[in-house]
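Coming up is one lone chain in structure tokens, specifically the form predicted alone.
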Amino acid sequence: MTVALIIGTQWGDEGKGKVVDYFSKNADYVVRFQGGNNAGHTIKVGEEVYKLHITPSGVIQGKTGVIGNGVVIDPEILIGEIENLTKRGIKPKLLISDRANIIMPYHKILDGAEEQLLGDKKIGTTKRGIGPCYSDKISRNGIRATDLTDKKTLNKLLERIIPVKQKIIDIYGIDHTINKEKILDVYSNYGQRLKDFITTTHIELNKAIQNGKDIIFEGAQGTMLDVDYGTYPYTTSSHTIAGGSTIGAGIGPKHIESIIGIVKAYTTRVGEGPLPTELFDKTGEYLQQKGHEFGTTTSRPRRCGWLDLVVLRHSTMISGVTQLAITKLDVLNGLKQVKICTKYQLNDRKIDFFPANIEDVKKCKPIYKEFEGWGEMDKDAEKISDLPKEAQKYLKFIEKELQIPITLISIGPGRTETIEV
């Protein structure tokens, strides 16, 4: 039995979908433990490309996908993904936690209103209702998956919640009246369509562990978007780090045997917030275009920069990462010079940690170590020694600085374009 956790170590978009898909070949269950459809995982199998927002990536391999209690679910999006996969010949094996909170129409309205009110101080939310849904969960005003399957229970909850939401919408000055009966009918229908998937997933997972099954936990977004340890307030609304997995799935931390940190060979970020190594020159444009750095969920262009070891030290430490998977190394092909940030210059001192104060982060200037670039690498490479020597040196430096072994290298988007060490 193995229980492995796969998380992003940067600002998301590290290539977790491909890595989860790759490791899923040996798994029985693949579990999403946080986030919602603000995440996007892309998987390429031959000429087929799958873009998933909430369905666990392992379903493409025919594995049982589990949506844990820590996830917030937009049932319309989830049902659409299930139908789309079914049409493409994949009938997903799916289990949904009865404790997972549901994104409601008023969450999306309020999400957009808050961003509009903030103006140039906006957070950069995807406006999909994720934050307001998590807020309702914490304030105990949430609607959970189990509630969708009982129309009387759902009606009782809506009668209590909607008057409060309507007053908030009115305060924002939005001309919208919440139609309780319409929501009740639509979401009750969602509940009937999903009821066969909804179950006590934490019990299922703990039984699976007892029975020696292999399980992969799949994180959404990345460490630097964690609500506590990311670039707050420019973060998501959940815990993207290793600690979030056990709460978001209902298993004990003692069961997790390995924690795989996904590291993109450079750094990207979508939306607002500081990015210390961001490039505003032709190299930044090169990385964006060659790396196809446009959001899977939003299609927004991703900001690009050099690899940042300050960020990686921070993220690998707080999650106890035991091994690294380097992705998109091939995007650096053709550059005459590549750089890695090793420290920050903050005013008159050099620091090697990531500050909590967002204003301090904005002041941080990266201190770089420069490396000679390399040409094209062999897409059929099977081991590290098959890569250009300059690329090998780049990887060895990362491994040495972080004191964590690199066990997987992605040199292209396809399943086979992968080197397992």
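Don't overthink the numbering: it's just position in the shown sequence, from 1. Here the structure is a predicted model, which means the values were calculated and not measured.
This next part talks about the form predicted in complex with a small molecule, which is not shown.
K.L.:
Find the only residue in 309, 331, 275, 100 having a heavy atom within 4.5 Å of the small molecule in the predicted complex.
P.N.:
Checking each option against the small molecule in the predicted complex, the one that comes within 4.5 Å is 331.
K.L.:
Tell me the stretch among 351-359, 392-400, 62-70, 37-45 that has any heavy atom within 4.5 angstroms of the small molecule in the predicted complex.
P.N.:
Of the stretches listed, the one contacting the partner is 37-45.
K.L.:
Within a 4.5 Å heavy atom cut-off, is residue 107 in contact with the small molecule in the predicted complex?
P.N.:
No, residue 107 stays farther than 4.5 Å from the small molecule in the predicted complex.
K.L.:
So in the predicted complex, does residue 24 come within 4.5 Å of the small molecule, heavy atom to heavy atom?
P.N.:
Result no; residue 24 lies far from the small molecule in the predicted complex.
K.L.:
With a 4.5 Å heavy atom cut-off, would you call residue 327 a contact of the small molecule in the predicted complex?
P.N.:
So residue 327 counts as contacting the small molecule.
K.L.:
Quick one: is residue 239 in contact with the small molecule in the predicted complex, heavy atoms, 4.5 Å cut-off?
P.N.:
No.
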